[in-house]
Structures are given as C-alpha cells and as structure tokens.
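In the block that follows, a single chain appears as structure tokens, in the form predicted on its own.
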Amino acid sequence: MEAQESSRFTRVAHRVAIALVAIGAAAMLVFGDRPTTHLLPDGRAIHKRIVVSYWEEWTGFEGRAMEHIVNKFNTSQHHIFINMVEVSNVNIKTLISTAGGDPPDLVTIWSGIMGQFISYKALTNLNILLRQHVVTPHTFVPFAWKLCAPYGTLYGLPATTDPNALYWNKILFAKAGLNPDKPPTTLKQLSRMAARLTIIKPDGTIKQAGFLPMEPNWYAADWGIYFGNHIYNFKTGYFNIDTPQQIAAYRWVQSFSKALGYQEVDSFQSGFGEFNSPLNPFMDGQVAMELQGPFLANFINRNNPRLIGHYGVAPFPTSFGPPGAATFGDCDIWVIPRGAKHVQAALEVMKFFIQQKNLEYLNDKQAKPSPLMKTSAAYIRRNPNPYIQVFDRISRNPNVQSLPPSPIWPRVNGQLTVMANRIWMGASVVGQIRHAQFLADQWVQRENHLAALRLKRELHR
C-alpha cells in the first residue's frame, strides 16, 4: 500500500509541478549547490554535527527574524546545525521533493495546504510531542491547534498567526464628520459609514472609497464567515457554499461595487499600488476601512509612519452577533516532511522554536500575536503593533474560523475567489454560488472515490 500511495503521490505532485513551476526533472528540485561546509555566525566551521535542512518561506525582514532564531539555536549547542534556506513556492517544492524522496528535514508551510499534505501522507506524525508532554491541545490558541491537528493527530506546530480585524483611518473619519474613535459595530453601520467616506470626483470617477470588500483580494472566499457560515463540514468532507448565509454575504459584497459602478470600481482598483509600498490604498488614504491581518501594522510603520497614531483596529462586525463573534484566522506551520533524514534532530529544533521567548521574538518582528496561550507582559508592551492586544484577544476566540483541512481546499479556494470576483463585477450571486457548489461537490466525490480505491487496494494486499 505504501508503494501505491507513493506512486499516486508522485503522479499528483508531478502534475502540480508542471502546472505551477514547470519543473521537468528531479534535478530541478535542487535549489543551488548544497554546501559541504557550514559556518556559525562568527565564521567558524562546524564539525561532527547533524545538519538539519530547513526551508523557510519568509524573506526580507521577516526572514531575518527567523534567521536570528536559527543562529541562536546553532550557537546554543554543539550537536545539531540548522541549515536555513529561504525558498520561494515552498509549498509546491516541498510536495514535489517529498514525492521524490529528498525532502528537507523541516519546513514552514501555509496552513491552507495542510489537508493536501495529510491526504498524500506527506507529513511526519508528531504525536510523540504530546506523549512527551512537550505540547498539549491547550498550549496554543484554539484555531492554531485545530490547523495543526485537524483530526486529532498532530502534524505541525504553529509559527505565526494571522487573525483578521477591521482597520480604519481616523483622519478620514474626522473629515467625513464621523467620530474617529468609534468604528462600525454592525455591518449595516459599516455600509452607512462607507457611503459617507466615499468621495466621487466631478467626472464620476472614484477618488476615495469608504470600504471595498475585494481590497485586498486575499479574503475573497471568506465573507460568509461574517454572516454565520461554516464553509467546511468536518464529518462529511463537503463544502457549505450554497447556503443562505453565503448568499447574504455575497449580496452584501456586491452591494458596494453595484452602488459605485462596476466599471468605476474596476478602474479605481487598477490604480492601486503594491501592498508593501507607500501607495498601498489603505496607507495612501484611498480606502478608509479594510479587513486585514496584524502584519499590516508593520508595513504601515515602514511605508507610511505618518499614519501611526491615526488609524484604529477593532474586531470586524458580523450580521449575527457583536463584533468578533466570528472572524478568519490563518497560520504558518512548521512541519517535518515524510522521508526526512533527521527526524529526531528536527524534533529537537521544533522544541526550541516553540519556546515562549523564541515564538514571541518571531511574532514580535512580524507584529503578530503569539500562537501560545501564555504570553508575557513584555511581549505585549514591546510589540511594534499598537493594537497587538486586540489581535491577541481575537486569536483566543474559539469562534475564529480557519482554512479547511481538505486535500482539495486549494482548488476550492481558487474557485471561490473566481466566484467572488465575478460577483464583484456584477454576475448573479445565486448563479455563481450554485456553480461553485456544483464544482466543489464534484471534486469531493472524485477525491472520495480515489480514497475508496486506495482503501480497497490496501484490504486486498
């Protein structure tokens, strides 16, 4: 059965590779020459250590924060050395390298790919950390633990967390005659405030928008959360797309572009600057309110420090309860791929990474709340995010919804994003939602069929 699983895993990974990274041969998986000599931060060469290969998804200042922790580990003992490499497209490359039998020992992946990795048996079971009492289900905030152990088996440990919240520009609130210290607490109130904050030029084009649900386009699949929808059924593996809550959510989404004019909105958004730049539409004052994660504070600090002290953050309103009754949360996760050569050493590294002082350092540098249930007062005090306490409280909420642990989630997520963008540009809400439900049902059925075949083969071995 293991050989059959590996064969299917290899075929799937090969198709993904062709589609996304055009990798034609196993040699392409080698990201540069592997050094034969590894150096400590002070330039000394290491000798007789186990070398743990670690692929890190973050680059720039975020990658430097992880590098600091790696260097700290490498100089703290003389048995293991972490060789950290920053890798682009790390999710796909990890999947392919695991299929090819040459994975890294440790890697940081996006939580949305966890279901696919688990289904393809591409991850090492980490329940030994539970048996050793290194962690418990209460070590981390609820949604982070659920992402790492979606069905009771632990497959990863959380590195950083990204619960979403409402950002608002206090300067623009004051100019519109709104109280800059009172954000909307209901979705209806948010819509009314957005209308007051919107400025139309004499030629009919948009100068300033109060709120655009599709800016940024990262959370297009998640709006049903704020209307009480749960996108995934953990018992059946099917998706709840065609529901009254989803229909209400995307009618609400469409109401903004419909009121402003679909072409006008499209033209307005096409002029937005890059996220990590002073021309980011929220930082630049083109959009007055936005749904975003905690990391935005870091980019405001770097790209538009004049906005510091002039924006606020609060739990996002919902249609069925107080602000924060539900929201979306994401997570970066440390995993050990199946077939890793140094599992025991990688486990020791993970134990070091999740020490409170190390997790707090990493999340501090990314302006995020720690995934740990226990945090220090110093961490909250020194965090560069002035609203870290807001995000910390949100992350502890048991109603935070995270990405489904489904092997087909990346595909479903892509279709939901297409659905949302079409609705945003005026397509039928009900028609698009029903089409997405139809496709998702077909994909689940196909995945269930393949799972049944795998089980049948195993029983007849």
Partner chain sequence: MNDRITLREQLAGMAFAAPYIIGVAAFLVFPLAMSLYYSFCNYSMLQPPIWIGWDNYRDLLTDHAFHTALWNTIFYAAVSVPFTLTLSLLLALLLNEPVRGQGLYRTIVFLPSLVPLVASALIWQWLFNADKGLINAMLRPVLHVLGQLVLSPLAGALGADHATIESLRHLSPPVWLGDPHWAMAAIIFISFWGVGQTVVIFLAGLQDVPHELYEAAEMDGAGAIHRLFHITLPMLSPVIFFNLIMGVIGSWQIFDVPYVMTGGGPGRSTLFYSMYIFEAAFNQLRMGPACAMAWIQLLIILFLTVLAFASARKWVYYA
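Positions refer to the first chain, counted from 1. Computed from a predicted model, the values in this text were never measured in an experiment.
Beyond what is shown, the protein has a form predicted in complex with the partner chain; the following relates to that form.
Visitor: Which listed residue (Arg44, Arg411, Arg434, Arg49) meets the criterion of a heavy atom within 4.5 Å of the partner chain in the predicted complex?
Guide: Looking at the other structure, the residue within range turns out to be Arg411.
Visitor: Which residue among Gln292, Gln286, Gln116, Gln366 has a heavy atom within 4.5 angstroms of the partner chain in the predicted complex?
Guide: Contact residue from the list: Gln116.
Visitor: Please identify, from 208 to 216, 89 to 97, 68 to 76, 225 to 233, the stretch that has a heavy atom within 4.5 Å of the partner chain in the predicted complex.
Guide: Selected stretch: 89 to 97.
Visitor: Report yes if any heavy atom of Tyr120 sits within 4.5 Å of a heavy atom of the partner chain in the predicted complex; otherwise report no.
Guide: It does: once the partner chain is placed as it appears in the predicted complex, Tyr120 has a heavy atom within 4.5 Å of it.
Visitor: Is there a heavy atom of Arg338 no more than 4.5 Å from a heavy atom of the partner chain in the predicted complex?
Guide: Result yes; Arg338 sits at the interface with the partner chain in the predicted complex.
Visitor: Can you name the residues of 425 to 454 that have a non-hydrogen atom within 4.5 angstroms of the partner chain in the predicted complex?
Guide: Result: Arg446, Leu450, Leu453, Arg454.
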